[in-house]
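Below sits a lone chain in structure tokens, taken as the form predicted alone.
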């Protein structure tokens, strides 16, 4: 006579639990909660990193309208907001930066007792002023070339153009040009 029950599982057969075969509701909710937490932490981290990069640029615009060309007098006009000197000789214009190339002070223009004519970039340029930096004593000739003091290089010349919509002079402070640049209007 055998002492084993015919209804009991055999000792060699693996026990199968009906809970192991399919996930129960508690496991499903636990996985759903962990997944939602990971997504929330990832979204918050991405939003935090995005906040480090602003959507706006606080840099000043590089292209600036200066006014109607006919309003510029013959000779020199200083524009303090742009730290720029605009020269007019008849219908010809050019612009020179007023920022000293040494440490960035604003240079001042000093009138020459006698105008000079210098060949700049292959064409004659009438010089009526020279520039001096009040901070450290650098001096520049009327075409912006550094002549004495600690300034390491000449003053920058900027491109001038005419706005197509209203005919104003426009300077691009990001576009340095050679010293032979002149804007001639008809």
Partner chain sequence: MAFALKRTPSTPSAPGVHPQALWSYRPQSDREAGDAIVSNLLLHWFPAKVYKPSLDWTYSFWLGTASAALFFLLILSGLPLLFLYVPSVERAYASVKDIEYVVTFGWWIRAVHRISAHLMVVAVALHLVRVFLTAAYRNGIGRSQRREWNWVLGVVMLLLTLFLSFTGYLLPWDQLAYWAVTVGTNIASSIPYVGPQMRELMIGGREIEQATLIRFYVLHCIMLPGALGVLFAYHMWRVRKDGGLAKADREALLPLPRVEPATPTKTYTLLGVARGTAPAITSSSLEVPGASVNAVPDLTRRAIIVTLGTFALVSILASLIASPLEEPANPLVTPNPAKAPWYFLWLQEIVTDTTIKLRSFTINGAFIGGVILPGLLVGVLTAWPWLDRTSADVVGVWFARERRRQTLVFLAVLLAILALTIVGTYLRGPYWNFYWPWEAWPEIPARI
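Numbering follows the first chain given and starts at 1. Please read these numbers as outputs of a predicted model, since none were measured by experiment.
A second form of this protein, the form predicted together with the partner chain, is not displayed here; the remarks below concern that form.
Exactly one of the stretches 64 to 72, 37 to 45, 156 to 164, 50 to 58 approaches the partner chain in the model of the complex with heavy atoms within 4.5 Å, and it is 50 to 58. Between the partner chain and the residues 127, 145, 132, 120, the one pair within 4.5 Å by heavy atoms in the model of the complex involves 132.
In the model of the complex, at least one heavy atom of residue 106 sits within 4.5 Å of the partner chain. Within 4.5 Å of any heavy atom of the partner chain in the model of the complex lies no heavy atom of residue 90. Within this chain, residue 31 is remote from the site of the partner chain in the model of the complex, having no heavy atom within 4.5 Å. Although the partner is absent here, residue 116 sits far enough away that none of its heavy atoms falls within 4.5 Å of the partner chain in the model of the complex. Contact annotation for 149 to 176: residues with any non-hydrogen atom within 4.5 angstroms of the partner chain in the model of the complex are 149, 150, 151, 152, listed in sequence order.
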